[in-house]
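Coming up is one lone chain in structure tokens, specifically the form predicted on its own.
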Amino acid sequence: MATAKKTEDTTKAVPRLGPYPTKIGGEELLELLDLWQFTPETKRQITELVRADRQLQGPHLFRYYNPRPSKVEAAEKAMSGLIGVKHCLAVNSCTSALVCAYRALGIGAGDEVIVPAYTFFATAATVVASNAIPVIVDVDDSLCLDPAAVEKAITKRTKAIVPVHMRGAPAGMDGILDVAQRKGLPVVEDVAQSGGGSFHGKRLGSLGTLGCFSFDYYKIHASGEGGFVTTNDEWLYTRAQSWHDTAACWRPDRFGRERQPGELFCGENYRMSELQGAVALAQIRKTDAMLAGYRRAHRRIKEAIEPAAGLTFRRVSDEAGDTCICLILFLKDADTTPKAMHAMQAQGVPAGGIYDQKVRDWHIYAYWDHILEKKHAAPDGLPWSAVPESELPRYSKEMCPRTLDLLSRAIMVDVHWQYSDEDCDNIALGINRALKEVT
């Protein structure tokens, strides 16, 4: 008798998984919405709508492997178009952007990088974090890097020049680029405080070898935290990508062998999240509207300020490219300046001094104890131990006298892009009254 064939069981052990609720859903959305100041009635309605939606699917907040179009990628494309460069990399801060730029250029132990004496400390700190040595030089009356001081500071160890477009205004890029080209040095633009600004018709961040941007809450563009690296150099872009996400190696063939020396190396994790990317994208789209508001208000205030003894304005390398986020005045001496500042504040003017020897300000080199005293994080003593002591820069609190003189005589008046004409007129009136009182 024939034996019956055994029927193969094709039933899967696990026929189906899910669907399950998404990891991030309604409750997380409500916490985010709580950051906005809705009226109680609007907040109640939104809360009811969110909790009633049983089909709500939360976002995928990691930019890579995202089943939906990435907001970070969209922000990179928008930023690339705004600045006018071929490549743009989103990162979690301008500090990270600077490290990516320095490392992309191959800067490391024994190298020197020229930075201005007036900038947020991160510009110089990231040089040290890259195991290189910051060379601090004076600013000129634009309060940006002085090209003449840069040329004098170049040594055999110099590997990059870092102009900072300080307080919204472009540095003198013609002079800086001239020095860089003659000396064969790359330029890293620190655009943290001047996003959207320009120099001779080109957006800041597109003139140098690389540009670094901040989307910190207090900058022109704000996504809470965040930043971008811009460049027209594909190789530098690839290296910056690798440094910003060491686990991924985002190359055409990410698992492939190294195409040329210097493509593969160990980096860190500076990725931007989808939350930051979404906010950054909206902010990028608002750039020109915000700049138009800043420039209108700045112009109206400045034109209404009356001449006064010893009063001058900061020189701007390109007036048309100034973002106009503040108006900087110079008074005749360091004694008059605080008196004028306090008189302005008494009139309700949003004015502040820049250099006060009683206040430690991380924007001024004289307070960078970490560098002036050559402090280091590990027993190896890097970056200072990589260079003979006799060849290290001679740091001191008095090393950049012109910078300290300019800053001690400066008053900064904040400008908001949504000031009304009346706001501008009242600010100018307050400045005029204060200057008459003290000059």
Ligand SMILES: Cc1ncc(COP(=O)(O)O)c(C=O)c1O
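What you see is a predicted model, and the numbers here were worked out from it, not measured in a lab. Numbers for residues come from their place in the sequence shown, where the first is 1.
The next section is about a form of this same protein that is not shown, the form predicted in complex with the ligand.
Contact with the ligand in the predicted bound form, judged as any non-hydrogen atom within 4.5 angstroms, is confined among 103-111, 302-310, 88-96, 152-160 to 88-96. Only one of the listed residues (180, 122, 364, 343) places a non-hydrogen atom within 4.5 angstroms of the ligand in the predicted bound form, and that residue is 122. This chain lacks the partner; the member of 219, 314, 239, 298 within 4.5 angstroms of the ligand in the predicted bound form by a non-hydrogen atom is 219. At a distance threshold of 4.5 angstroms between non-hydrogen atoms, residue 193 is in contact with the ligand in the predicted bound form.
When the ligand is considered in the predicted bound form, residue 168 lies well away from it, no heavy atom lying within 4.5 Å. Within 4.5 Å of any heavy atom of the ligand in the predicted bound form lies no heavy atom of residue 208.
At a distance threshold of 4.5 angstroms between non-hydrogen atoms, residue 230 is out of contact with the ligand in the predicted bound form.
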